[in-house]
Ligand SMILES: C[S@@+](CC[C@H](N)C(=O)[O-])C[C@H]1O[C@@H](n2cnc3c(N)ncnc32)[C@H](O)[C@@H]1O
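Here we start with a single chain on its own, the form predicted alone, put down as structure tokens.
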Amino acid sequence: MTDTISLAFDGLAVPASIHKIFATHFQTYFTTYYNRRADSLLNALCDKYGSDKGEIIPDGHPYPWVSHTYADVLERLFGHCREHVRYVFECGLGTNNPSLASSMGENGKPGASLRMWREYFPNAQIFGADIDADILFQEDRIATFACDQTDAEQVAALWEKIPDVQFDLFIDDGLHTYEAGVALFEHAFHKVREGGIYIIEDVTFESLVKFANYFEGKSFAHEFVTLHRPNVPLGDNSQVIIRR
């Protein structure tokens, strides 16, 4: 693996191999090579609703960057059982307010991923939350709430509104910082059912290292996935996947 990050030593930026760093935390790893499928339902739904989690058509998106390839992983995890998924939660609706952190830009489509999940999981109730109260909406099988993922009291109040729900899939696509990711995880993981999956998206190299330190020694299964796109630097196209 040739991907590197810069670590600061005495004020100097020193390149470091991601593989060598992660080898200190994990004994094993595997690499998967694949060709993207033109008949991928989840990627097609990303195009349909304007989610940046994947694509089939490479242009015409409401966001200005190259799409992620998270849909490829998610389809491998749930493609065989999507009819059995009952509850999905996603933090981060995709605000189109450019003054807010992690904005999708003025042309972004808030709620794109939630509508995608609703169609992909035909028997599921979809829940979402965002710090931007202006983009909240309620639709058939979709309910959204205002919440700051870094505020433990707000997260606890959110669960009081849906107390009897345990999620099959929980996705943190919110602020995209290590600190925000840990803050939400520590007050949300208990809402994932036994056998469910919790995913932290848009993780940078630097945050991957911090998450590796944070999760080291934890009793639940967790893995770090770096997703490579043709002719695009890896950047933040990485995930942490935790299984309950």
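Residue numbers run from 1 along the displayed sequence. The structure presented is a predicted model; accordingly, all values stated were derived computationally and were not measured.
Below, we turn to the form predicted in complex with the named molecule, even though it does not appear here.
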Quiz prompt | Full three-residue contact with the named molecule in the model of the complex, heavy atom 4.5 Å, for Ser51, Gly92 and Gln149 | solution = yes
Quiz item: Closest heavy atom of Ile135 to the named molecule in the model of the complex, within 4.5 Å or not?
Solution: yes
Quiz item: Is there a heavy atom of Met104 lying 4.5 Å or less from a heavy atom of the named molecule in the model of the complex?
Solution: yes
Exercise. Find out whether any non-hydrogen atom of His187 is located within 4.5 angstroms of the named molecule in the model of the complex, and reply yes or no.
Key: no
Quiz item: Given that the partner is absent here, does Gly128 sit within 4.5 Å of the named molecule in the model of the complex, heavy atoms only?
Solution: no
Self-check item: Answer option from Ala183, Leu45, Leu175, Val192, heavy atom within 4.5 Å of the named molecule in the model of the complex
Solution: Leu175
Quiz prompt | Option touching the named molecule, based on a heavy atom within 4.5 Å in the model of the complex, out of Leu158, Val73, Ala124, Ala112 | solution = Ala112
Quiz item: Pick from 94-102, 77-85, 159-167, 136-144: which stretch has non-hydrogen atoms within 4.5 Å of the named molecule in the model of the complex?
Solution: 94-102
